[in-house]
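In the block that follows, a single chain appears as structure tokens, in the form predicted alone.
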Amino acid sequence: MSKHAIIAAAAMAAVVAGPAAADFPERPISIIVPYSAGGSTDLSMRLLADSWERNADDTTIVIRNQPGGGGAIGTSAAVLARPDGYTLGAAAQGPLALLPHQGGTDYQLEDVAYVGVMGRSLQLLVACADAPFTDYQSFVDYAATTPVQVGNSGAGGANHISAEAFAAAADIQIESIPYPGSADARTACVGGHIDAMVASPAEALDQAEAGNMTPLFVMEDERIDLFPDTPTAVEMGTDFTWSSWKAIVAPAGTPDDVLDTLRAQFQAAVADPQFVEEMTALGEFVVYEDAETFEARAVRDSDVARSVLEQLGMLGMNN
């Protein structure tokens, strides 16, 4: 190869490799939200974008909504984008860790480079009106011999998976009852049409205070402030935790130095007091997890979901 050809090849390699971290970013970074504008994920990501820009000089964040397919369309667009750091994804548990097992997606968890977690959506199990149990122990004792009807916000969704996974961990019997959404499940619960349901703390608080629901346990390692008298499954002897999450991912293959920059900027944005205050006002639980912790959480949730879906005969059902 001639000297000129070598120089030309080196120049081309530099163009393909893209800018070094010292030059990144040189243009706006897009975050694809796989849901419609105005929802909780969209609002959270817009607050993140504002904080990111406040805390990272000369960085512009653009939010792009790309809904459809239960979050699969936007997630696909993000994780299969050119891996240069300029297209990121608003990552949610459902489309990233659950849907690939059900089929119909053109991506898998292996297509992801992890940036970090910015928040988690906590879950608890509540007894509904007229349920034949009122606390954790009476619930598992009853469900050990009699199937309990547990409502959720959709077959194959996070609430469905968490209820079935807990039932397996606690060795109890449940009959999952899917509804079109959490509001429908809550209405059925308050009306006494089902025995229990998986709910967020915000969904359960008012109804619990009104006496229409009774919190049984929280799906966390430790008790939470909104329900200080409600135990965790862990403290009651069942090693089970579960929560949904809001996070940021990049396409696999994004250069390490670019990822380092993104991760540092993301961490600073999530730690910003104004961001925390604004997220809290939305009812969001702000928690930062680094890329390594996020990856471990996503892989664990994916493994749990695969096991549950296999037991239910739902693996690849959308293929």
Partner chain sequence: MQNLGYLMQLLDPYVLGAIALGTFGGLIIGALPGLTATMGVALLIPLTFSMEPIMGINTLIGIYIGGIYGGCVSSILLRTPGTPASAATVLDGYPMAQRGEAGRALGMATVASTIGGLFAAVVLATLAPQLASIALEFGAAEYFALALFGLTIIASLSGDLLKGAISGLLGILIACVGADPITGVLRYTFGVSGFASGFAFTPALIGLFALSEVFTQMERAAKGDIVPLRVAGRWPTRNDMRESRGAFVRGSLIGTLIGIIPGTGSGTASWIAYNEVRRASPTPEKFGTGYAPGIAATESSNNAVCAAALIPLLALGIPGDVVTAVLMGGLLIQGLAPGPMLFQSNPEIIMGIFGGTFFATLCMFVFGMALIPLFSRILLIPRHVLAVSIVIFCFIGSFAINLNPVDLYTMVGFGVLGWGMQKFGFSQAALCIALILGPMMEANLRRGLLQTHDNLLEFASGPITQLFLALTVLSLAWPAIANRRARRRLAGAPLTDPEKKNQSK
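Please read these numbers as outputs of a predicted model, since none were measured by experiment. Numbering follows the first chain given and starts at 1. We call the rigid core whatever largest set of C-alpha positions still superposes within 1.5 Å between the two forms.
Although it is not shown, the form predicted in complex with the partner chain is what the next lines describe.
- Partner proximity in the model of the complex, defined as non-hydrogen atoms within 4.5 angstroms of the partner chain, places exactly one of 43-51, 290-298, 264-272, 251-259 at the interface: 43-51.
- Under a 4.5 angstroms non-hydrogen atom cutoff, the partner chain in the model of the complex has Q207 among its neighbouring residues.
- Remark: I174 does not count among the residues lining the partner chain in the model of the complex, judged by a heavy atom distance of 4.5 Å or less.
- The partner chain in the model of the complex comes within 4.5 Å of a heavy atom belonging to D106.
- Under a 4.5 angstroms non-hydrogen atom cutoff, the partner chain in the model of the complex has I194 among its neighbouring residues.
- The contact residue chosen from M236, V190, A168, L226 relative to the partner chain in the model of the complex is V190, the criterion being a non-hydrogen atom within 4.5 angstroms.
- If you take 304-318 and check each residue for a heavy atom within 4.5 Å of the partner chain in the model of the complex, you get M314, M317, N318, in sequence order.
- After superposition on the rigid core, displacement of the C-alpha of A81 between the shown form and the other one stays below 2 Å.
- After superposition on the rigid core, the Cα atom of V249 is displaced by less than 2 Å between the shown form and the other one.
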